[in-house]
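To begin, one chain is listed below as structure tokens, in the form predicted on its own.
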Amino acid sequence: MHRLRWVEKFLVWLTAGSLLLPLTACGVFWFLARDKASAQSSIDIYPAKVQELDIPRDEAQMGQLEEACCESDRVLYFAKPPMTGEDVEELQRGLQQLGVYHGPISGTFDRRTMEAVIAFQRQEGLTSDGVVGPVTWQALADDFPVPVVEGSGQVPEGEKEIVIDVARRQLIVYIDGKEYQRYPVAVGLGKTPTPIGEFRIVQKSMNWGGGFGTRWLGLNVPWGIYGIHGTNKPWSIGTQASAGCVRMFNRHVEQLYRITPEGTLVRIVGRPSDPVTRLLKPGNTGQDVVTLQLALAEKGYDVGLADARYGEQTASAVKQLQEDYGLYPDGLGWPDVYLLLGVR
């Protein structure tokens, strides 16, 4: 606690002197939480399965938390001109739900916001300086009620699968095709949406803290770094709030981490994928590739997983479609292919 308070004050001093750019969760919290994580042993009921599933090396190395920057945790304080941003909005929502802020959700750290922060800090016995750093963010999270979810007992044997419905903000765990557990989640904002498709958990990490909470389950999305993780902003659960990752209450993600092995399939559904507007060919990746793969699968062509990678299996499915409709079977995504699939 003393170390975090010292770091918090030091960052404010640097920021005030215009020597420090806004911090992200992969900056200062990286070294704070790394020390914390190294002091604890990783206890995982289910061992890794990435090698058993023959996932390519480059895919298995995706989703590493060390490279993720999706959760901003700037040090916030009253300044002129005032600090603004989505993190200020999240702070105001948290303070509002805890009953200490009664102003508008403006995204501007004004005097009214500072006074609410000071009131909360006094309530929690913290240094009442109006500065929102690691200690205050964590205190806000600790003070927030978490809904109880059953399922901490014996876990049934069987194949695990996760379905994330971004429209309903729910994560559902299936075991051998039967629903085992359901959790509320937060998903990406409209401008930074959670990717749609079928991916696998390829990385698991513990206790990074800050915006990533207590657990991280990284996905092999071929662009960016996306994962399922905890949060120090629990009031955001049930909303569109992140830069694309899936947030859970820390207590819930700890349960999920315990029962879910690496290699687990994660299907993300609940919104239309992007339209296809370019000539797709082997080697391409992207949300539009998922659109093509899902459309092919709907017509009965085997693409494997809709994993956003235009690989050999997707090209083979396109060739089969072309042959079935009397087109030249080159396996490329020409406009006539898109017309047949209705993806334009």
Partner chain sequence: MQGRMVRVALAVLVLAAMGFSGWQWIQWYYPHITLDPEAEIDPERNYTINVWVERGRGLVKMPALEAEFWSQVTSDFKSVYPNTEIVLKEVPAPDLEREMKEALNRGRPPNVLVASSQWFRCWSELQLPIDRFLPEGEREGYVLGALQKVTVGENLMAWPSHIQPRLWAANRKELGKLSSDLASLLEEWKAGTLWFGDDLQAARDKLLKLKDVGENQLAHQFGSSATLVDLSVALGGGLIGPKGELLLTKELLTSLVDLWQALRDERVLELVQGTLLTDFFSGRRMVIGPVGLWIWTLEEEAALRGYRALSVPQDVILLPPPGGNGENCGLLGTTVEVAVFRQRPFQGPAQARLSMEFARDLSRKLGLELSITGLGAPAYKPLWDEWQSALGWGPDQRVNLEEVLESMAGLPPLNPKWHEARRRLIGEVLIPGFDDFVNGKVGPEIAEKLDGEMRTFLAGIQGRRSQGKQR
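Positions refer to the first chain, counted from 1. Model, not experiment: these values are computed from the prediction.
Keep in mind that the form predicted in complex with its partner chain is not shown, yet the notes after this line are about it.
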- Contact flag, residue 315 vs its partner chain in the predicted bound form, heavy atom cut 4.5 Å: no
- Any of the heavy atoms of residue 290 lying within 4.5 Å of its partner chain in the predicted bound form? no
- Wondering, does residue 276 line up within 4.5 Å of its partner chain in the predicted bound form on heavy atoms? yes
- Residues of 324-344 having any heavy atom within 4.5 Å of its partner chain in the predicted bound form, listed in sequence order: 324, 325, 326, 327, 328, 330, 334, 335, 336, 338, 339, 340, 342, 343, 344
